Structure formats: structure tokens, C-alpha cells
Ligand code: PBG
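One chain follows as C-alpha cells, the form predicted alone.
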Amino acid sequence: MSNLTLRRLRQDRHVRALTREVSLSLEQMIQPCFVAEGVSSPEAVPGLTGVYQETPDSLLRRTESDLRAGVSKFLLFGVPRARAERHVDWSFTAGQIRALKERFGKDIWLAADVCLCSSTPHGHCGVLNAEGDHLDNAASVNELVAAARAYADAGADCVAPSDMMDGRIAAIRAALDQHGHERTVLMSYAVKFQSALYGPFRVAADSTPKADLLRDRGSYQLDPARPGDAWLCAERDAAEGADILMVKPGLPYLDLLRELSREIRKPWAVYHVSGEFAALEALAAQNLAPRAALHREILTAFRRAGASIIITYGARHAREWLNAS
């Protein structure tokens, strides 16, 4: 065999483009956005280039800008000023959903993150028990159902529970269907690991755990050393009615994304989390890697591993990156 046999299909940009097995499209990307009650002007999120903790007004302006950049799909995180242990008031985030849909209608597809971490004084993703050392699963699910209903009532196209409570997918799906939201998409953070890569997000969402006896999320998020849990959670959430399943973070868990997407025939999303994104931006800022090529390589890896949906803080920059030579 000639040494050039394989390299012939790599010799110029035209034949490389023709023979690629994996493609990237801006249509596959979701832009996360944060809106905070009580901030007077947009506040930049450390490490996340072009991402801000928005005011209600600036969120609308940013969405207009994103639409001009080709972005039409969003994942909204609301950060209310008031916090509560139970019976959370979901009206602030619901109000931002309503404002976005009234302004942009079907021009955008809007998913709303469903969790308690930005709405509780302790920063955990559910309701603490009386002792303060564990999350009460049933009480947490009740709160999550109320949030999902409020967001669907406000016009969200998709609700996305990120809490990792047991049984919340079935409970949310049943509540949505019973209250006229059969068409609302349910995207489950099915495979969400306890990770050191969430730092910038926790600044943006004001969601760092603060409980005295429960200082991390290891009792409900997945252990990186237990891949079997990923399978059990994904299979359960698929059976309970999730329309889309997610792996989070992305890069450390490409092996699981590949395996799960082949076996569980649902659409799979991957969340390119804040620490992953910030690390790439830091490389580019130090001129240690070309920014567009760096992000394209990582986005291609997600697609190659089986993701049909990529949640990335760089969606609003992606058209530029995809068109860069």
C-alpha cells in the first residue's frame, strides 16, 4: 500500500471538507443566560467571555444581539433576590420567561433550568431536612414540580431539571401533562456529576452551597468514579418521560456520552460547563492556542461522542468560530 493512500483525503481543505464524518451547526447549540433580580447593570461573569449576569432589560437586548448572531436557542437561569427554604416564589424567573416569549415569540426556543440552588439561602438544589445534613427528596420534588409548572405556564418551550433528585422526571412530566403542557419538552440533566468545573457558573447563579453540615453536592450529584450510576440515572429518566437526556460536564465524560448515546435512543445533550469553557478562554487569552480552532475542536469532540445538542457559553460566538479558517 502506498504511504499516500490515507493522506490523499487530507491534502487540501476542499477534500477534507467533503470527507468529514462529523459536522457542526449553530442550530445544534444552546446559549445559557443568567438574569438576576436587583442588579442595576449587566455584570460580567469571571472566565466566561461575553457572558453576563443580566438585568431584565439587558436580557432582552442581549437576546436581540444573539438572534443577529444566529443564536435562537437559550437556557435561562434566574437568580431571584428573595430566598426561601420551602414554598419558593418562582415569579421572578417566570416573569423573565414571559417577557422573552412576548418579545420574541417563536423566533426563540427557550429552555428554563429547574432547580432550587439559586432560590434557597443554603445554595443546595433541594430542601434540607430538619437536621440540615441531607436533602429531603420528596419535599424537593414538590418544589421542582411547582417551578416547572410556573415556567411552563409562563411560556417556556422546555423545562430542564438539574437537581438530581430521584423521581423528579416522572413527577414533572405528570404535572405538565395534567395542566395542559403536553407539548412542553422535558430535558433532564440525567448524568450530572459532582465536579470541580462549575466555579464560574456558581458566581453567575449565586449558587455556592452554604449549609453548615452539607458543604458539597456529593450526596445527590454523581460520583465521577461510579459510571454505573450514570447508566441507572439515564435509563430511569428515559423511562420516566424525559425527551432529551444530558451529560454534564462534557469533556471528562465523553466516554459515557459515547456509550449512553449508542444504547439509549433519545436525543443527547452535553453541557460544556463553565470551568471547561473558561479554561479554553484562558489558553486563548495567553496566546497559547488559537481561539476559534480551539473551540471548534472541542465542539467537534462533543458531536463525535454522540451529542446532538451542545450547551455552550460560546454559542453567541460560534458563527464566527465556525467560519474562521
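Keep in mind that this is a model prediction, so the values were computed, not measured. From 1 onward, residues are counted along the sequence shown.
Although not depicted, the form predicted together with the named molecule is the subject of the following passage.
So the named molecule isn't shown here. In the model of the complex, which residue out of 122, 248, 173, 73 has a non-hydrogen atom within 4.5 Å of it? The residue from 122, 248, 173, 73 that makes the contact is 248.
Each of 140, 169 and 236 near the named molecule in the model of the complex, meaning some heavy atom within 4.5 Å? Judged in the model of the complex, none of 140, 169 and 236 sits within 4.5 Å of the named molecule.
Going by heavy atoms within 4.5 Å, which of 82 to 90, 113 to 121, 237 to 245, 176 to 184 lines up against the named molecule in the model of the complex? In the other structure, the partner sits against 113 to 121.
Though only this chain appears here, would residue 273 touch the named molecule in the model of the complex if you measure heavy atom gaps against 4.5 Å? Contact with the named molecule, yes.
With a 4.5 Å heavy atom cut-off, would you call residue 202 a contact of the named molecule in the model of the complex? Yes, contact at 4.5 Å.
Contact test in the model of the complex: residue 198 vs the named molecule, heavy atoms, 4.5 Å: Within the cut-off, so yes.
Is it the case that residue 77, even though its partner is missing from this view, gets within 4.5 Å of the named molecule in the model of the complex, heavy atoms only? Result yes; residue 77 sits at the interface with the named molecule in the model of the complex.
Let me know which residues along 132 to 147 have a heavy atom within 4.5 Å of the named molecule in the model of the complex, or say none if there are none. Nothing in this stretch is in contact.
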